[in-house]
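Next up is one chain by itself, shown in structure tokens, the form predicted on its own.
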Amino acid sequence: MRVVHYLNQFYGGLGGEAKAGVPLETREGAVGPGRLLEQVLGEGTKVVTTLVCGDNYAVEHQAEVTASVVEKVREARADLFVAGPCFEAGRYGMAAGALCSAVRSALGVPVITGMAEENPGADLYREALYIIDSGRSAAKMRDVLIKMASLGRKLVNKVPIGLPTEEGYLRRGLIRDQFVTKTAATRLVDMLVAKVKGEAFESEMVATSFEPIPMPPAVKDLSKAKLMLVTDGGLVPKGNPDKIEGMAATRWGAYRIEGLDDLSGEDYEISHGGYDPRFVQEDPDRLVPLDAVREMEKRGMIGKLHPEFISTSGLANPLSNTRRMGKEMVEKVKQEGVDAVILTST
């Protein structure tokens, strides 16, 4: 079995965030986790090529990197393409999912990757791909690679794939026809009775869970409060300096508005699909109401407006990803001593 392995800059041995902008590199043979992957795949298997790319470069140049990876997998005459595992690294997971999807679609080569369930790449690609549940900790690298190798071999040999609980991959949300002895109504009542009795049972449908968020205390005196403007409508300075994606965004930006009483359409653009941006481009204050809040500040209705606004795109964004970005924004809000936030959307 000939294997091509994709790694990010960290697992490829280049370094951490300082090397996240490194373009795609090609190495002969196995690198880093690839050496262990080669071992667990067993005799007769060889990682012939390792592809290493910085996380930032991979997501900012996705079309270029994808086309290059597909061509390199073709040249290597690969029987299997492996990406990761990525654990909770969001950009890594997004790149791994996109590359696996492209390689399988363009070449028909079996693909396998691994991610934590909270990785945004998992939400985007779990229906299309087999993604081994890596969990959060890279300390489980060997266990995860064993599961990836086992499922990868089955995909190459066209062996029937078992259920997620049997193979270790994330639920894909697909329904299979299956003969059963009990009707749906009977199974439902059995689960209800087991729940009432406190007995173990397994639901056939996994409900989406939401972390409970307590209501924050009210601002006692707005005339002394420091406010900040935040939007998920995708308003960014011309040129989109932070390269915020218009869909399934993985990053956000903070932009200076100190000394401004309103926002000019000449200075901003929209990185957000799904709505007609013309009215916002004509007057960005329609999305980020700087003019109205400045007036409130001058009249003493609020104490002070923070000299930056935060922006990202909320379109088609996995819940796990929005949670991560939200927590990152909260840390900045706390550090800046902000008392309240006005959050605007499309």
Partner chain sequence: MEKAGIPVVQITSAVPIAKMVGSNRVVLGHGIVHVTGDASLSPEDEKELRRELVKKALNALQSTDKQG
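Between two forms, the rigid core is defined as the largest C-alpha subset superposing within 1.5 Å. Note that this is a predicted model, so its numbers are computed, not measured. Numbering follows the first chain given and starts at 1.
Although not depicted, the form predicted in complex with the partner chain is the subject of the following passage.
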**Message:** Just to be sure I understand the contacts: of Glu266, Glu204, Asp276, Glu166, which is the one whose heavy atoms reach within 4.5 angstroms of the partner chain in the predicted complex?
**Reply:** Asp276
**Request:** Scan Met296, Ala67, Leu36, Ala316 and let me know which has any heavy atom within 4.5 Å of the partner chain in the predicted complex.
**Result:** Met296
**Asked** Are Leu222, Leu227 and Pro289 jointly within 4.5 Å of the partner chain in the predicted complex, each by at least one heavy atom?
**Response** yes
**Complete:** Only one of 84-92, 210-218, 150-158, 107-115 has residues with a heavy atom within 4.5 Å of the partner chain in the predicted complex, and that stretch is 210-218
**Item:** 4.5 Å heavy atom contact, Val330 and the partner chain in the predicted complex
**Value:** yes
**Asked** With the partner left out of view, is Val47 within 4.5 angstroms of the partner chain in the predicted complex by any non-hydrogen atom?
**Response** no
**Message:** Val52 versus the partner chain, in the predicted complex: is there a non-hydrogen atom within 4.5 Å?
**Reply:** no
**Message:** So in the predicted complex, is the partner chain close enough to Glu308 to count as touching (4.5 Å, heavy atoms)?
**Reply:** no
**Message:** With the partner left out here, which residues of 328-346 have a non-hydrogen atom within 4.5 Å of the partner chain in the predicted complex?
**Reply:** Met329, Val330, Val333, Lys334, Asp339, Ala340, Val341, Ile342, Leu343, Thr344, Ser345, Thr346
**Message:** Checking Gly97 here: with the core superposed, does its CA move 2 Å or more between this form and the one not shown?
**Reply:** no
**Item:** Threshold 2 Å Cα movement between this form and the one not shown for Ala225, core superposed
**Value:** yes
**Message:** Using a rigid core superposition, assess whether Arg27 undergoes a CA shift of 2 Å or more between this form and the one not shown.
**Reply:** no
**Cα separation of Ile270 and Ser101 in the predicted complex versus here, shift of 3 Å or more** = farther
